[in-house]
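Just one chain is shown here, as structure tokens, and it is the form predicted on its own.
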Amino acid sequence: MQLIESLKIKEKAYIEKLDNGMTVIIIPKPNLDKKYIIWGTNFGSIDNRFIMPKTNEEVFIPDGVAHFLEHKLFEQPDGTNSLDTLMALGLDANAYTTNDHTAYLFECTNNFYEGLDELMDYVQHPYFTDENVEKEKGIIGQEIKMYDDEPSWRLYMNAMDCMYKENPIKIDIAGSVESISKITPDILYKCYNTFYNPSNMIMAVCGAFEPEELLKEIKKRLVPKEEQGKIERIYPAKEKEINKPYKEIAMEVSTPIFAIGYKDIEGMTADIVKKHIAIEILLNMIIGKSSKTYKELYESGDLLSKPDADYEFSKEYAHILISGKSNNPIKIKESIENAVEEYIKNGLDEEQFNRSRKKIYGDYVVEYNNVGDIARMFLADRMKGINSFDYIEKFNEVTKEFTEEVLKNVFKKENMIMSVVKGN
């Protein structure tokens, strides 16, 4: 197995690419009782048009298939549900679908290998019939309607609509009631056989394991499958501008909620890890709890709590989102604009920059205390082609000068959007 490590935080990860093309990542944590496993496929809501590797057939699928498939994999031919089986073993089990991957997971203290039996059984043995697919449409249809009534979800989707014209990130991960009505067992099997091939999958495990022994146990449970060729995914052309600067809707909310975004036109670059670190430092300086802007807005009563700030990116999209609650969302936007303009004009304050760097570095180190955080991080980063340890190892390369360049390139006024949900 390939060993990668971070000497700075004394952590190791063992990586093996199996003969069938699947990547296994094992991060030993000998002093922790909890164990965590996550098995993901590089298939998310944006992958709705692709060419099948062996037949070269171009396939266009309805919106929401990746999420629908995630729901259906738990159902077994004997009528049992694998999620219930895992829970009965005392495991904390779940699954999720994102824009770019789907993952199945559980956390436990005991019964790990019994859980591994069930996890690797249900993920490798799909069971779709006309009857169980039709039944699921009703369940997921209710979930879609529930999210349509959720202000924070509408806020996020409207922010995506502001930023992107054609990019499939605008599509609801669950699809729409209309789109899922077109899903059939044939479509599900076609997507399963394409995207759930081991060569398109990654497994990350964290806990008190001996890597070689664990790898043997994983290999024993794998159904033999040949590595297939590369899946060619078809996406719309990249857009160089935002779709619209502002969108506002009225819903049942006691206080208006807002999302302020910057569309990152450049997106993933060769130094994406350094760029991501720089953006996190900048967000902390601009609107973090110790920032001048946050203090002023909080003391004036315009900002009701610390906003969430994040950088989302993949090969097909990249943007910053700052979201929170305020009775005066426009003032929040103007204050952030002013803070950015001041930093661009005068440069970053060295003392504040160093303080923010320490805070962000501390956040990265703390993540290594939790088996779930570690495994999810290694899986999601690997999906993007990133070595998670690079966030630690390259941290000192993120200078004030580099961060100032990122500020100028990413925090551009013409790429800024705002989504607001106000009360009825």
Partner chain sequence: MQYTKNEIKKGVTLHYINTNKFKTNLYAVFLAVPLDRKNVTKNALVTAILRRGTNNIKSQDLINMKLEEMYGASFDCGIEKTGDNHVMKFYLEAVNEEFLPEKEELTKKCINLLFDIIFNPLIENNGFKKEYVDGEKEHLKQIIESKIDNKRAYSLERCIEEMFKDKPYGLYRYGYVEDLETLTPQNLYEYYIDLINRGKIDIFVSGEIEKGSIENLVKENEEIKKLKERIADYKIIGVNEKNIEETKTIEEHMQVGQGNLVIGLNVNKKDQNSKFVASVYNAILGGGANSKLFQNVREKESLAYTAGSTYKKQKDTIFIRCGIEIANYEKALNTIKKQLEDMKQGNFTDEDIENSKKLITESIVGISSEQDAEITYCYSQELANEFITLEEYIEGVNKVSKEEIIDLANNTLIDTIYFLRD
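Positions refer to the first chain, counted from 1. No experiment lies behind these values; they were computed from the predicted model shown.
Absent from the display: the form predicted in complex with its partner chain. The rest refers to it.
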**Request:** Please state whether every one of the three residues Y113, A208 and R221 places a non-hydrogen atom within 4.5 angstroms of its partner chain in the model of the complex.
**Result:** no
**Item:** Partner proximity in the model of the complex: N42 to its partner chain, non-hydrogen atom cutoff 4.5 Å
**Value:** no
**Item:** N346, heavy atom within 4.5 angstroms of its partner chain in the model of the complex
**Value:** no
**Item:** Close approach of P185 to its partner chain in the model of the complex, 4.5 Å, heavy atom
**Value:** no
**Prompt:** Wondering, does N158 line up within 4.5 Å of its partner chain in the model of the complex on heavy atoms?
**Reply:** no
**Contacting member of L119, L303, A259, I336, with respect to its partner chain in the model of the complex [4.5 Å, heavy atom]** = L303
**Prompt:** Can you pick the one in E299, D310, E131, E342 that has a heavy atom within 4.5 Å of its partner chain in the model of the complex?
**Reply:** E299
**Message:** Among the candidate stretches 238-246, 269-277, 134-142, 164-172, which one is within 4.5 Å of its partner chain in the model of the complex when only heavy atoms are counted?
**Reply:** 134-142
**Prompt:** Listed by sequence position, which residues of 239-255 have a non-hydrogen atom within 4.5 angstroms of its partner chain in the model of the complex?
**Reply:** E252, V253, S254, T255
